[in-house]
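Quick heads-up: it's one chain on its own, the form predicted on its own, in structure tokens.
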């Protein structure tokens, strides 16, 4: 991975309309849909049956295999179905449908975990179902497992939230600074020599002020104001901009003595360690030119997008596109019944004018995609490789061009004057490479 002295970044419109809007809690929806693949890793396996009554926080699916993650009931009510489900991105999974009784009865077995050793702590975190809430959805225990093997010198608490519109992490820092403090204190027990750096973009002055206030007397915690650019929150970018370190392809951050943890993830860890509440809800930014009343709304995981939009005053006009996630990294949904997942931080609905698709044309070899790539890759090389007929040659070319180092930030697509879907091509290429080499490995047995 090659880095310039100053990483290439973009100045994108902030559109942080809800930055000053206090998050609200609403009544639970009539039904939640819980996919078994709300995390990076192997799918969870249901442990309940149709007809079972479940309470908030009760285990409904166990983790299975490497870096899997358990799933918990997010409402109290009755399991009405366990069935196949095709998600908006085309992938297939299994979902558990729970019809809410509106009572939100808490599982009486939930209590603060008792931990004394690192092993007990990691086992507890594994049972919490907490994943990285910055977007990757990697199980938190998998990240913290690096403490067994590496001496962590720096913990970067990622509060950058660089995507346009999204302000859910911002509201965490302003409204729940006590949980951020508690989360850092939890980690200090297992990283007593580490320095903590809370990294926040400059367009969140109230969050910066609040973090400085609550950590004013703690010399082990630094609040770092970062330039407001995209993709400041990407792990490779924030790592370099804060520490000057570079992570190479295939290298784990922990081997550099660094762990990066999203600020809302940290607050969820604090809540779990305090009272045993697993990851069951999310603060979601609901915004966009087709939303009547943009808001930050706390809802159970599995809540349909339609319900969130209703709580934000409904649609002000017929939408041309609805996204789960941000405009750079999110994906369009074809149905408002699509549920939010553990790592969902936004529902954005745009009017038809703002959703108009521009017709792609031939590459003009301007080099803009190369110039803005934070990790100095050549997206056009991936595009050309995907057009090769020979699959072996295609896979070898993609690997040679360091496809796996693409951080999928969409900077290339954003600046392309030919409107080519470069990031989507990169995603397709990654799926192809994984499938290709898995088939070769299987065939070699």
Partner chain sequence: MEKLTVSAAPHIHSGASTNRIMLDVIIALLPVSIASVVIFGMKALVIIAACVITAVVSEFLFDKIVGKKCTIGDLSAVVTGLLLALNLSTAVPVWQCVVGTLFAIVCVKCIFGGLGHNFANPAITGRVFMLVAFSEVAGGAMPTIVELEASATPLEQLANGGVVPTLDKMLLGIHGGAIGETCIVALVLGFVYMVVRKVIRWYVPVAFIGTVFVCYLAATGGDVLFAFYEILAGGLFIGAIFMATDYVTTPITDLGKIVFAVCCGLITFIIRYFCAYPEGVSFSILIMNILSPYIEKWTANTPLGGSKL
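All of these numbers come straight from a predicted model, not from anything done at the bench. Numbering follows the first chain given and starts at 1.
The same protein also exists as the form predicted in complex with its partner chain; that form is not shown, yet it is the one meant from here on.
Residues of just one listed stretch (291-299, 76-84, 96-104, 335-343) have heavy atoms within 4.5 Å of its partner chain in the predicted complex: 335-343. In the predicted complex, at least one heavy atom of residue 414 sits within 4.5 Å of its partner chain. By the criterion of a heavy atom within 4.5 Å, residue 330 is counted among the residues contacting its partner chain in the predicted complex. The closest heavy atom approach of residue 429 to its partner chain in the predicted complex falls outside 4.5 Å.
The closest heavy atom approach of residue 262 to its partner chain in the predicted complex falls outside 4.5 Å. Taken together, 28, 59 and 136 are entirely out of contact with its partner chain in the predicted complex: none brings a heavy atom within 4.5 Å. For the residues 184, 211, 280, 323, the 4.5 Å heavy atom test against its partner chain in the predicted complex is passed only by 323. This chain is displayed alone, yet in the predicted complex one of 226, 363, 197, 174 has a heavy atom within 4.5 Å of its partner chain; that residue is 363. Contacts between stretch 361-385 and its partner chain, counted in the predicted complex as any heavy atom lying within 4.5 Å, involve 361, 362, 363, 364, 365, 366, 367, 368, 370, 371, 374, 375, 376, 377, 378, 380, 384, listed in sequence order.
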